[in-house]
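The chain below stands alone and is given as structure tokens, in the form predicted alone.
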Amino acid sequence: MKKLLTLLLVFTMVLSLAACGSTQPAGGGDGEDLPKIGVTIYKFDDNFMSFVRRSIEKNADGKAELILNDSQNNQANQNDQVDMMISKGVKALAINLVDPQAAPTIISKAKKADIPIVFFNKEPSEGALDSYDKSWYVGTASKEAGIIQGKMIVDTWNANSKWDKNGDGKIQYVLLKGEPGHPDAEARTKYAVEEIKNSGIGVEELELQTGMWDSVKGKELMDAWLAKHGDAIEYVIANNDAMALGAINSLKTEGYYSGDKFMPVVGVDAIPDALTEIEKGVLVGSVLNDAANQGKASLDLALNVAEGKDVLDGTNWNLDDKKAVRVPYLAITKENIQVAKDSYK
């Protein structure tokens, strides 16, 4: 009898748990399915974009069903993925373009299906966004990162007179540029150097080549530059942290950061691996490209339009006159490194 009662009790508990599991999903409302949002990332193995993707997934939990795609840095792949997501009935698209010039093609697909679209991180042209009233952008003000990085270079250069190895008062620099034509790469390159010049410090460009945002390419370029210029290089400027870290690996191989042998390097993004090097006093600093808030804003806007709400409904985001939410940058050095660490919690 006791065994029978026990079995009945277990059976009752199983039925009760099954009933709980059949209730409406969090955020779904009245038992309806969660809104389906199609997301593409230009490539999953990009260091910075991996954190944006994680933020999107985190903020979608219990609120939206994501169809998430790795475009593998191939625009043709991304175009096909958009077609696939539309065929699966997504209510909104969130697109990190492979090529910003391809925005009109993506917009045409979304417009034909009457599906709203939120671009993020790689900004389409103003004309492309204006061509569709259900398209928006989440990202940054591209030149801001360059200006902040330039100020960081000026401040650290002025505070360390021994970095001027030849005593000519100029910074002999090499620059690792991101993807050619990418708005962030172009703006960071231009405004970082302009900010140095505007401060009154002279500059001499020894090398400027593209490392395509990649740490391996950053190391390869730095290897070649060290072989060619050696100690004539006084500063390494990188459009992102991945390339900066690649350069640092090259410099370490040549004995830098051991004893008194030092080479200042700055990056952009303030990714966790870069923060480790800042803490160790190797990387001079970086510029926080707020992956957590870029991901959150992208999901917030996409979710609102997927549910037929105003794009900013219930958020603290603001649109500028270019239909864009701009997430601010912040200079990160050893002194305020905790701010960057907190952004990854």
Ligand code: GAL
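Only a predicted model underlies this, so the values are computations on that prediction, with no experimental measurement involved. The first residue of the sequence shown is number 1, and the count goes up from there.
What comes next is about the form predicted in complex with the named molecule, which is not displayed.
Think of it this way: in the model of the complex, the named molecule has a heavy atom of just one of 277, 46, 300, 70 within 4.5 Å, and the residue is 46.
For the options 143, 219, 151, 122, the residue carrying a heavy atom within 4.5 angstroms of the named molecule in the model of the complex is 122. Stretch-level contact check against the named molecule in the model of the complex with heavy atoms at 4.5 Å: of 60 to 68, 278 to 286, 311 to 319, 46 to 54, the positive one is 46 to 54. Residue contact check for residue 213: one or more of its heavy atoms lie within 4.5 Å of the named molecule in the model of the complex. By the criterion of a heavy atom within 4.5 Å, residue 182 is counted among the residues contacting the named molecule in the model of the complex.
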